[in-house]
Structures are given as structure tokens and as C-alpha cells.
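A lone chain, given as C-alpha cells: the form predicted on its own.
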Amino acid sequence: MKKIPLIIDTDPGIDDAVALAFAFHHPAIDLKLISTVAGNVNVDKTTDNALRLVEYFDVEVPVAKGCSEPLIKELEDCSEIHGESGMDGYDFGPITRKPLDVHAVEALRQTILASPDPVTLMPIAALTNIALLFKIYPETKANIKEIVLMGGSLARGNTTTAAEFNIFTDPEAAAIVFKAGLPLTMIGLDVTSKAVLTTTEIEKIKTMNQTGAMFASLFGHYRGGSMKTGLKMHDVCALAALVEPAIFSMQSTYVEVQTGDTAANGATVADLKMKYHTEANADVALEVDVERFRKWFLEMLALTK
């Protein structure tokens, strides 16, 4: 099996931790780089959390620290959802791994251009690093196969009425990425909010293996839903869409990212009827097969330690 060369741009974050854990263990994934960005918590904490996960799973995946703030607006983090550290609820112990000694944007450039096969980018955070990469090093686009991201929404947001958190955190960066001219898959909040783990799955997870016990500890401090009503697994949906695309129903369309000091700032507006555009710039998830997603989640967890 030829593996997919993958880069994950992330802000761990409890659901980010699940996405990274599964990417470490999926047999079809060759994880080349983890780049970090400010979002759920500040970039120092997101970088530490990425290093904690690399160390916990004992994998040789480089981590590069990226942007500490959005392109224009001030950072508004999400620590009320993920806890003060971003991954409250489990003691990973001291960090001995170190990030690369270059900025994430430079690490992205080096990794993409060095890859013999076109790379897939998976941003599951604010798109600041990716936007800067395209602006500073546009030549990297030639060796990027596609972008598969968690972000945006075709319905209401979770940060404002209109905007989902990852896009709202840096809407100007998101606008750059959606206009980059690369194949792009958007797995939005309206769909990921349906990809929930119920008490049934959570009870199984607790006793499946060491990783399941660790997840359960993190989930106890995660405010993306609740242990009783179901936990929303937003970010891992991007990985599911890459490796098990049949879990999602998709539609090609044109997505515009709203910017500016208005109530629509950070909203993703899809021209689903293609009334105003002649060419699509994204494949957008419309629905998720929830039972199939839950089955895949447990199968992936079984591959971890």
C-alpha cells in the first residue's frame, strides 16, 4: 500500500489529540510533519501538547511551532472548551521532545518541496500558517495534492451566530486558503456536530486500551458536548474524510469566506446552487453516516497502544 504523505496543522486541543493519535497509527498515512498554531490555546501550549502526543505515542514525527496570532485580528482562544492547558484531564509527564528550530511556515516549505510525492495538507485549526505559506512560498502549491480541513459551516456557527471557531479565529487567512486554487475538502461544523460519541462508545473506549483510557480522561474535561449527551469529534472528521470518504456525503461548490468588522465575519457561504459562480473551489460535506463514523472510530482506537 502506498501511503499518503500528510501534514497536519493543528492547535491541540482535545479533539485534535484524537486526530493526531489516529494519524500516527493509520496504515495508509505517512505523517511527515505537525505544524502548530494559536487557536484553542496559545501557540506555546499547542506546541507543547503536540510534543506531548508525539512523546506519548513514541513516534518520530517532527513538530514545528507556528504563528502566535492571526494575520490581522487579535487571538480569541477556546480554553473554556479545552481547558487551561488545551489538554486538561491527563498527566502526560514532562516533555523531553523539542520542536524544530525553524518556524512552521519554513518547515512546511521544506517538507512539501522535499516530498517525492505530492503532499496532503490537513489543517484542523486556524489557517494562519497555511495562508502565510501560500503568500511567502507560492511554489509549494505545485507539490500539494489537496487540502482536507475541518472548519467552516453551512449553517450556524459555534463562536458567533455565523462563524465556526477555526475560520473565525483567522478569517483573512481562511479567505486566502479557499482562493488558493488547490483541491479543497471542507468538513464543516454542521456535519462534525453530528459525529458524536455516545455513552455507549465512551464506556467501550475507557477499557479498550491505554489510549482509550487516556482519551476518556481528556473527554472528562472536554466541553464539546458532554459525557451524557454525546461528545463532538470535530477534528478527527477531517482524517475520516481522507481515509474513509464514503462516511460523508459531499457536494462540489464555491465557498466564500466573509471578512471584515461585521456580524458575518468568519462565515463560510456556499453557493450550493452555483448561481453566482461557474467553477467550484471546494468539496463540502453535507452529511455524515454517524453509525459508520462511530464504527471507524473504534476500529482506529483498536490500532493504538
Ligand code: RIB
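Here the structure is a predicted model, which means the values were calculated and not measured. All residue numbers refer to positions in the sequence shown, first residue = 1.
The following text describes the form predicted in complex with alpha-D-ribofuranose, which does not appear among the structures shown.
Note on the partner interface in the model of the complex: the residue among T140, N158, T111, T211 having a heavy atom within 4.5 angstroms of alpha-D-ribofuranose is N158.
Contact with alpha-D-ribofuranose in the model of the complex, judged by any heavy atom within 4.5 Å, is made by just one of I124, M87, L231, A107: I124.
Contact check for D235: a non-hydrogen atom falls within 4.5 Å of alpha-D-ribofuranose in the model of the complex.
Using a 4.5 angstroms limit between non-hydrogen atoms, T128 is distant from alpha-D-ribofuranose in the model of the complex. Although the partner is absent here, F165 lies within 4.5 Å of alpha-D-ribofuranose in the model of the complex, judged by heavy atoms.
Contact check for M150: a heavy atom falls within 4.5 Å of alpha-D-ribofuranose in the model of the complex. Here the chain stands by itself, but in the model of the complex one stretch of 212 to 220, 88 to 96, 150 to 158, 178 to 186, 150 to 158, has heavy atoms within 4.5 Å of alpha-D-ribofuranose. Of the residues in 28 to 45, only N40 comes within 4.5 Å of alpha-D-ribofuranose in the model of the complex through at least one heavy atom.
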